[in-house]
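Coming up is one lone chain in structure tokens, specifically the form predicted alone.
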Amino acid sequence: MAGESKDCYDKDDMDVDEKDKMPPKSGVMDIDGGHLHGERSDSKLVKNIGKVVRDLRGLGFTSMAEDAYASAIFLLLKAKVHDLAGDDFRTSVLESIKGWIQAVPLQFLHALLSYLGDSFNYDSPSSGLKSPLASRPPSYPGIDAPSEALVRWKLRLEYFAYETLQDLRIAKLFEIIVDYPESTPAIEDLKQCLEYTGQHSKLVESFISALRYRLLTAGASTNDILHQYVSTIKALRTIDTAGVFLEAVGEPIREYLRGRKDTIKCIVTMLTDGTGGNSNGTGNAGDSLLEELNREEENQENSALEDGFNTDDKQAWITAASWEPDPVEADPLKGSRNHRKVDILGMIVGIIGSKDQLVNEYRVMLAEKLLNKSDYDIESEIRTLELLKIHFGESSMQKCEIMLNDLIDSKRTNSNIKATIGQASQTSTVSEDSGISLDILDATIISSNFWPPIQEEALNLPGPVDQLLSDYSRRYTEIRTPRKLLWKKNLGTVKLELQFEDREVQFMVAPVHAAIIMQFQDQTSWTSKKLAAVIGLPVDVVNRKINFWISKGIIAETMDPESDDHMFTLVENTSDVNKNSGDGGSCEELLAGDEEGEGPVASVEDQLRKEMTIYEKFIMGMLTNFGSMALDRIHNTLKMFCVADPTYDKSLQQLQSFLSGLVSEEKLEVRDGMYSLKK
């Protein structure tokens, strides 16, 4: 039969590839540059196809005949959808596809059905019982009174177009979300397609598969995964405002991120940095993800208040009128979607499982940032804290607020101390026996009870600097009697200006690096052991810290043949030193320059380890008595018996982290989720 149909096309010279060469004629219908004579029921094409269909019907092949021309139309429609959609996600194509359906296939089908006598007017009694789906539609271009059969064809074609476009967009959903928000038109098209087809489960299954293959891998950084997660939430809430399917899509990402050690730190950085939640850093300056979320909430509240004082009553009527049951994929434990909204911050915090862990991590990061500051400018930190207080409550952020107040008080105290210098005689502007002016010293005075544990390191500062600190402490005590200062000599920043025979360079360094280089002021060569003894640090620490000055070309390292020790010598002339020697080191460069990446504040993991050490004996005793125990059982047993001071109040994830540390120390072993003593 296919050959007979092809012959009909050949006889009428209507090959699709050759029709492009035919000029337009009056009274014909345009199909992508080709022209089918479909406006007249007696056109050769329609007449020939109609004859074939009529003959097949006479032989009893009615369904075969319809399938033949239907498959050709669907293939042409599929090619058109692929051509219009392509890989351009910044333009909506749905309306163009629907317009093409009305302009091309429906015109042809109207002519064919009219020729076959299958076209009945709605008002004609011969039309019989009509389907409720085929209610009287609006008139189509070029068609005065569409028949019920034509309406059915329109529904079939549009459903096929929606499904085809939906499958294309779902297959490229990962790329669409990467390009969000520029790809919003593609998201809107996909939303309309899913509303028409109802195939949301296909989106969930396909996107989860793409995530596991392309994102949830060891090669992807935690920061990239988090930013993609946020983009996924923003994009999919357009499709699913209630978050039913977003919950299913996000679960693999959350589960994977819980297994990464740096997840909490990356979340805090993403919430508080100035990239606006964009991994490429294209956000506005000072525009953090937290500020973005706060703006969205304000916009929602403002839009809700625009209708006047009876907004709640109106919203209740709207909700009741638009009520729909939850889809079968919805988690019944999450509550009805009519009472649920997509909360980006809540979903991010849900990765960790507890807001307290996020607050503690932010507190540590805030402490490091404040201690590394060379001035008292904390406007951005205050703005971030106020936003966090909105989401997490003032009580949770109380310690962080005290830390910022310490900086404000330090600025005031520092100004008062320097004011006393101006009131004294000119000779008192220089610290006694030091030769260094107090004007160059700015101190950050902290309330240690409210700050995270500070990493202390024994450090012997040069005599003039030590005397300067003592003079500052004396003046502070005079102003704030009876308070006294206890200096954390390893913390802070020092601005140095080094003068050599052929150059002058400036550096912003940590106190330990300043203490090292200042020893070379009176003595140009030191062995590592003698230098370590003077500074008060272990030899290996000195060898590690001095690498900064070696990398800058300030110090040269050799081996002392007599003592078999490292010899460090000051480089006075840099004619043969690499060009890095003339570059001043920034504070950030130096603070990140240590090989071990030590910070001034103990990390959350170190604090947890210290707090959990007291429970180690309990855990060892339990495993001695019971042999092996699962994580849940250990957790519940500790909560049951450790009720006195200190009370066991740790989460399951914190306990798991502590037990993993014991396993790495070879005190415990774990098999199939069961912990036991190392044999």
Partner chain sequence: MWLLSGDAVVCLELACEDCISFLWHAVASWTWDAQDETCGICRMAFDGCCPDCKLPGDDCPLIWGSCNHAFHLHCILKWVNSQTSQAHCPMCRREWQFKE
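Numbering follows the first chain given and starts at 1. Treat the numbers as computed from the prediction; the structure is a model and nothing was measured.
Separately, the form predicted together with its partner chain exists; it is not shown, and the next lines address it.
Checked against its partner chain in the predicted bound form, the residues Q521, S71, T558, T217 give one hit for a heavy atom within 4.5 Å, which is Q521. Out of the listed residues S374, S92, S206, Q102, S374 is the one that sits within 4.5 Å of its partner chain in the predicted bound form by at least one heavy atom. Contact check for P464: a non-hydrogen atom falls within 4.5 Å of its partner chain in the predicted bound form.
The closest non-hydrogen atom of Y196 lies beyond 4.5 Å of its partner chain in the predicted bound form. Residue contact check for W487: one or more of its heavy atoms lie within 4.5 Å of its partner chain in the predicted bound form. Interface residue remark: F500 is counted as part of the site for its partner chain in the predicted bound form, having a heavy atom within 4.5 Å. With its partner chain omitted here, the record of contacts in the predicted bound form names 473-481 of 357-365, 473-481, 262-270, 152-160, defined by a heavy atom within 4.5 Å. For a residue to qualify, one of its non-hydrogen atoms must sit within 4.5 Å of its partner chain in the predicted bound form; all three of D439, S448 and T493 qualify.
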